[in-house]
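Below sits a lone chain in structure tokens, taken as the form predicted alone.
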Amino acid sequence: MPALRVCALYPDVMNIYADRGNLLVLERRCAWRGIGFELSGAGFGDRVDPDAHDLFYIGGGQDRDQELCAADLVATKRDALAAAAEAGKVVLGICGGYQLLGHAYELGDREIRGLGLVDLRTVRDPGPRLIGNVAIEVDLDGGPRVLAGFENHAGRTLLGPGEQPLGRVLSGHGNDGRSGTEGVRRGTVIGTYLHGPLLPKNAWFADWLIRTATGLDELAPLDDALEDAAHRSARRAAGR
């Protein structure tokens, strides 16, 4: 029986945006299809095995916690996560976890080093926080789909010239409130500011993650009446 093996990084501190809800959605949608699900956590000082997991997950945290996690990520986990990404494993960063996928997060005269898995930098802007419901158009399966969620970030994330955003902003602020882009996608490395949490509002994206991480060509269909209603509600909240 196939199984989805998930490693949650710093689940005790990088979890302020209902990140456990994302993990629960993955577990339930696997269980309903008879797909195994294995969840392990990696905290401060823990080494990770890039071959032992199919999906690595980094949620959001307070600035202080994010800074502590960043130092540990670079010191103990960067090489393994780079190897996992190179091998086609899924690496998903949400909000603060998204920022840590890049080179650095500049906080005034301080700089928090990131993993450098993608070419992006985040800077703290003196302007207002970018807060509100958001909808973006993405193309992951050869056709446009909508992801809906909530954003709340003071950082402005700037993608390097060769990086591909996860999607185009339909409503909301996105990466920086100006570029019209949201998130980043390099192969199976994905970062986004959408939370609240993300996957209960976008079951189709949860299924995409499961398929991509496990290598399954197709997933058995589910009765997604409630999930579709949650998605429509999130889109309406974002004005789409």
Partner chain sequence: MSLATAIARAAGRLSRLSGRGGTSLPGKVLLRLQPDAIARLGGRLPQGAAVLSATNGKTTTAAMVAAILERRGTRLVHNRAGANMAGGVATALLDARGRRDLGLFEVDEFWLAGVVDQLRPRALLLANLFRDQLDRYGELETIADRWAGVVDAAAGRGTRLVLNADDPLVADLGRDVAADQVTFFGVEDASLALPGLQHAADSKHCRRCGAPYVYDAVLLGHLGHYRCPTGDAARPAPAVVARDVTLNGVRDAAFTLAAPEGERRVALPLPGLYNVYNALAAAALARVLGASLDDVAAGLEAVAPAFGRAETVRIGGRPMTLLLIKNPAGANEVLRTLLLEAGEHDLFAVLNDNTADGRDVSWIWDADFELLAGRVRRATCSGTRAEELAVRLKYAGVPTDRIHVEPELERGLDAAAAAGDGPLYALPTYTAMLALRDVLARRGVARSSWAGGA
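Quantities reported herein were computed from a predicted structural model and do not represent experimental measurements. Numbering follows the first chain given and starts at 1.
A second form of this protein, the form predicted together with the partner chain, is not displayed here; the remarks below concern that form.
Contact with the partner chain, judged by heavy atoms within 4.5 Å in the predicted complex, is confined among 77-85, 131-139, 106-114, 155-163 to 131-139. Not one of K89, R211 and E218 is positioned with any heavy atom within 4.5 Å of the partner chain in the predicted complex. At a distance threshold of 4.5 angstroms between non-hydrogen atoms, F37 is out of contact with the partner chain in the predicted complex. For the chain shown alone, L4 is not a contact residue for the partner chain in the predicted complex, no non-hydrogen atom being within 4.5 angstroms. Within 4.5 Å of any heavy atom of the partner chain in the predicted complex lies no heavy atom of R240.
Proximity of E67 to the partner chain in the predicted complex falls outside the 4.5 Å heavy atom cutoff. Contacts between stretch 58-72 and the partner chain, counted in the predicted complex as any heavy atom lying within 4.5 Å, involve G61, Q62, D63, R64, listed in sequence order.
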